[in-house]
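Single chain ahead, by itself, as structure tokens, in the form predicted alone.
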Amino acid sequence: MTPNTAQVTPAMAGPTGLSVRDRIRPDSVHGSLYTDPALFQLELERIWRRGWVYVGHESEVPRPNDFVMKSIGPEPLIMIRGKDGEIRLLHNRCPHRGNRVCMEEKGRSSVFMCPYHGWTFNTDGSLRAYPFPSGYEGVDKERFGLGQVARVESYRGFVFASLAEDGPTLAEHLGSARDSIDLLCSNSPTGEIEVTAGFLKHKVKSNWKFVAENETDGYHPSFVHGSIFQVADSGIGSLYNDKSDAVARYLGEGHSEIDLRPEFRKRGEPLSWFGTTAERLPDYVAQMEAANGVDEARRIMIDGTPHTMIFPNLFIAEIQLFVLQPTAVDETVQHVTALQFKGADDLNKRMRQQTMGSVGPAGFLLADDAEMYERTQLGAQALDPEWLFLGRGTGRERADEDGFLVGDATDETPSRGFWRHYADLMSDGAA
């Protein structure tokens, strides 16, 4: 059973007369996929409301009654840890007149009160009371609680949700992307990460799919970010060129990664992935060795953290988390925060500093990307030429030892996988 939504023709013929599936070819996609408002509404139904979406992290609500505002697409939600310790997702909509009951970004409260007519709700969403109850004789209060998201599950502290009451399990949705979350957590000496550094929000005039594709596009960094790589004398640029041993991998279910470990293993230097050395972070190294043993700690610190896009909205970007929120067909908000490894204070401080330098208000990397997102959105609107080419590396794609489709670091293997999965979700069995 899925939420009630507006009826949309399954084949979804757009302004071009093409169905969703017909707008996706093995090596190209039609520009209207990024610009069609009716298609965006269908995406909200079939991807954002029907599937699993990353919402937040358990560490954001550590105590009972802690809450933080979240969303599934444009829809606002309250993520709260109840008195029983359970994390719930409540729709931020009073059942009386539809007003939002909470306008704070985060906080701690045992009740929520609608500012319009004073209805109050418990942290489990149940209606607590309404003013002047003499006007409500015979009304069943059980009917009027805050709506709750149908399914909420966590993996390693990462909270995912689905508005649909049934469908694939979270384990089925994540598939092999769980390995990326495991890899990330293994870099923490306690095996846990925390999302406690606060979020920056970046709004771009671009369709969310341009942003999602870019996260595991290894073709653009040498050009879009070339200036900062040179100024910072960074070794990152060498990871994304036609000589790199890194690979682009499609993980299935819409998930993909740029696997940089082959390059880091060639270097064989712990913490090279972070642009530093073990000598500069002695406390972190000591904690990792105590937790894992010297040899295993060295292996983990050489491999580093993942560069993985988990469909449709979670990007694990080595030292940061990006959460994508589509708000319109041509507008996306990127929520970004520095990763924090529980107990690793010396490393955490540097991750916060690097995050501000790269994606902060005066940062370089995200400003570069934002410019490209908005330019591509403008280009797609022109629809001349109509088709956008995604064929780089098609002839050299191969299966790795685990059966995943991989290409070279600069190949468009992740985007092609993304669009195959997208076509399956959006076509809903239609030809």
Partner chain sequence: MSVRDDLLLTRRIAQFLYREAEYADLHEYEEWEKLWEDDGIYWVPANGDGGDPDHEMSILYDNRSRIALRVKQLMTGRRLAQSPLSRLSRSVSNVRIVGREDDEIIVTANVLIFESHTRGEQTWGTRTEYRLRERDDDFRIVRKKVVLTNNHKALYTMAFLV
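Positions refer to the first chain, counted from 1. Please read all numbers here as calculations on a predicted model, not as lab measurements.
Only in words, not in the display: the form predicted together with the partner chain, which the text now covers.
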In this chain shown alone, the residue from 89, 247, 200, 314 with a heavy atom within 4.5 Å of the partner chain in the predicted bound form is 200
Interface check vs the partner chain in the predicted bound form: of 374, 386, 27, 397, the one with a heavy atom inside 4.5 Å is 374
| query | Does residue 362 reach the partner chain in the predicted bound form if we count a contact as any heavy atom within 4.5 Å? | reply | yes
- Task: Examine residue 99 and determine whether its closest non-hydrogen atom to the partner chain in the predicted bound form is within 4.5 angstroms.
- Result: no
Quick one: does residue 331 come within 4.5 Å of the partner chain in the predicted bound form, counting heavy atoms only?
yes
- Message: Is residue 173 near the partner chain? Define near as a heavy atom within 4.5 Å, in the predicted bound form.
- Response: no
Answer among 187-195, 334-342, 128-136, 276-284 for heavy atoms within 4.5 Å of the partner chain in the predicted bound form: the stretch 334-342
Check for me whether the partner chain, as it appears in the predicted bound form, comes within 4.5 angstroms of all of 59, 62 and 123 - heavy atoms only. no
Across 323-357, the residues having a non-hydrogen atom within 4.5 Å of the partner chain in the predicted bound form turn out to be 331, 333, 336, 337, 338, 352, 353, 354, 355, 356, 357
